[in-house]
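Two forms of a single protein chain come next, each set out by itself as structure tokens; they are called structure 1 and structure 2.
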Structure 1
């Protein structure tokens, strides 16, 4: 396993109503080599409340939690682009597969489950390293950029990220300084080219 995963504490949220399943995942994760802290939510609405103050690295969710709420999930993915979502038992819901970055079955072995999650953390670690190397945008600047690309006002971005409008303006200035781009259309192209957002988000 990547040594970075052992050294850096990762934030995981488990979205699962079943106490037995969520406690089983807790046990598997805490016995693994992943250095993590874990929050738990019973419902999607509880998750939305948590996201007002925290931005986890990975969300592990029962795919049934997303049923008939795809629009809300897509909106959440736009406002929190740095969260990777792992679906549990989503093989019977192919239309929703695009909402997940990875998936596993509850019938998978502990090793398979940990491997799925570890691969995502390695991807996050590599992305962070790349950003540091080329002096790209910070995680918060990416969140602000995503709001800009989606046509949100400074006030709307501030409210969604639980920060002040003044802080949003400061981030916008930093984004413009780093990218050399000020227009929304230019920033949209930049965000797509850097894979911060997907062109599918606009389809």
Structure 2
């Protein structure tokens, strides 16, 4: 199995009203080598509520859940382009295949189910490899960080580095994700401890 698959934790949401099915799937996933955390929703509305605060990597859903709600699903797809959707088929539903990135049947073996999901993860980790593997900041990010701790606005940072404000915002997001720190004062302590700036520059 792909190494990144075990190292980086994947976030899976199971959308399934049947307790027997969702708990069965839960156990299969936890027994497998996939390093994941799992949330569970009974209904599509519960899922939408969850998506307001979280962005899972994969959604595994009973295909019946999408019945007559294709519009909402397509909209969610647009607002959350990074979620991969796996359909669980309880019966044949050819019409909805376009909504899923992959699917398996309730009667597939444990290995088949894990394989289906692993394949998606490999695709995912390939796309995000540079992000998930390394927590050290790039040179550009260090330049942006220096601007932040010196109290410069996004616009000022953008001008001094000759990049767009949008790019600065993206760098800021990546800095927060890598360091686990969001506040300016927290980032200042980070920058000093990594000797990116010296305390004399700062005061």
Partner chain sequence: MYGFNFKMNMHYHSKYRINPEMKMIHLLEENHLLLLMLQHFEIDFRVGDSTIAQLCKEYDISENLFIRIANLYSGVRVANNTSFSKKDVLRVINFLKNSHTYYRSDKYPQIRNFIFQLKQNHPDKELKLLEQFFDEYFAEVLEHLNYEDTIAFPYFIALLENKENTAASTNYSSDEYSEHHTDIELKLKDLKSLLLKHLKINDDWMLRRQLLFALYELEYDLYIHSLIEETILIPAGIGIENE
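Quick caveat: nothing in here was measured; it's all calculated off a predicted structure. Residue numbers count along the first chain shown, from 1. Just so we're on the same page, rigid core means the largest C-alpha set that superposes within 1.5 Å between forms.
Form predicted together with its partner chain - structure 1 or 2: Answer to the question: structure 2 is the form predicted together with its partner chain, whereas structure 1 comes from elsewhere.
Shift of residue 54 between the two structures at or above 2 Å (CA, core fit): No.
C-alpha of residue 191 moved at least 2 Å between the two structures on rigid core: Yes, the C-alpha position differs by at least 2 Å between the two structures.
Core-referenced Cα shift (Å), residue 149, between the two structures: Its alpha carbon moves by 32.7 Å.
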